[in-house]
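Before any questions on binding or motion, here is one chain by itself as structure tokens, the form predicted alone.
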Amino acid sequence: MNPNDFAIAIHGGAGTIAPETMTTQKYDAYMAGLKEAIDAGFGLLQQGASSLDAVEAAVRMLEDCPLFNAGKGAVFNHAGQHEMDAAIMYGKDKTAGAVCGIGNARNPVQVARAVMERTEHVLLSGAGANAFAIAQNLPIENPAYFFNQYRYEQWQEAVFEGKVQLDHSEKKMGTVGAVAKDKFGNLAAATSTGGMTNKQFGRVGDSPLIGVGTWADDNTCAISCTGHGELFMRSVVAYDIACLIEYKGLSLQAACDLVVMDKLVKIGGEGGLVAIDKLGNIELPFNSSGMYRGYKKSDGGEKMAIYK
């Protein structure tokens, strides 16, 4: 890749998405949602914007789309509430910001970036994150904005069955994320999620944890994960891949394959991730039956897919 080349990759969740339940109408809607997010981020990169701006823009588009479990499409927890997590990281200087258990912000990723740029902290939680979003005059919504009949029925079904589900009906791991490399060679990553349907009140997954579900370092790679958060946390997935590149000299593909297809599988960790390295190579590995995913490169390379 030319040093001035740029690219973006996104995901809208991984999991067991049964092809037989995927109607043409639903498939087209998911593809349109992915394309809108990719185009938003890629358009900024084209204009010379930073990778940080690009990943935030892409994730905000996914948060605004009710098809994905983040922002407007966030699932219900056991208490019938929305607790959303998000993180963003800039590979140029390894600055990062995150929120967890936030319930009032239209775009949690936007609040995460504000934490990174306007505070001395990395992670704000719960009521503190909610108050911060209000104090920063970021877009706030009432609970009705986040209400989704499909998500509500998923929750009711999970409550009735006494289960915690990654994304109940289709077993889709609902997290969204993006990674990018800009014209200046800087990497960035962002991740956002509504978590698990019927999750315990106060549960936090891997998405807002730096080095676990989100990571960016210009020396190695940028990564955004989606999957069974508890297993990703126990495996420190994102940083593990970066370490395999930095300390063992593995390629991005080899590092991703080792972690996603071997190490995670051995402990029952289902899911995937999107990754980009300092050379602009992109990997979209997943060990589930599907993952909403796509990428776009300045050299014309482009792809969107759900199944293997």
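Here the structure is a predicted model, which means the values were calculated and not measured. One-based numbering along the sequence shown.
Separately, the form predicted together with another copy of the chain exists; it is not shown, and the next lines address it.
Although the partner is absent here, residue 146 sits far enough away that none of its heavy atoms falls within 4.5 Å of another copy of the chain in the model of the complex. Although the partner is absent here, residue 124 lies within 4.5 Å of another copy of the chain in the model of the complex, judged by heavy atoms. Contact check for residue 266: no non-hydrogen atom falls within 4.5 Å of another copy of the chain in the model of the complex. Shown alone here, residue 140 lies farther than 4.5 Å from another copy of the chain in the model of the complex, counting heavy atoms only.
Stretch-level contact check against another copy of the chain in the model of the complex with heavy atoms at 4.5 Å: of 71-79, 152-160, 184-192, 200-208, the positive one is 200-208. Checked against another copy of the chain in the model of the complex, the candidates 45, 244, 40, 65 yield a single residue with a heavy atom inside 4.5 Å, and that residue is 244. Residue-level contacts in the model of the complex: of 84, 109, 221, 196, one residue has a heavy atom within 4.5 Å of another copy of the chain, and it is 196. Residues of 122-139 placing a heavy atom within 4.5 Å of another copy of the chain in the model of the complex, in sequence order: 122, 123, 124, 125, 128, 129, 131, 132, 135.
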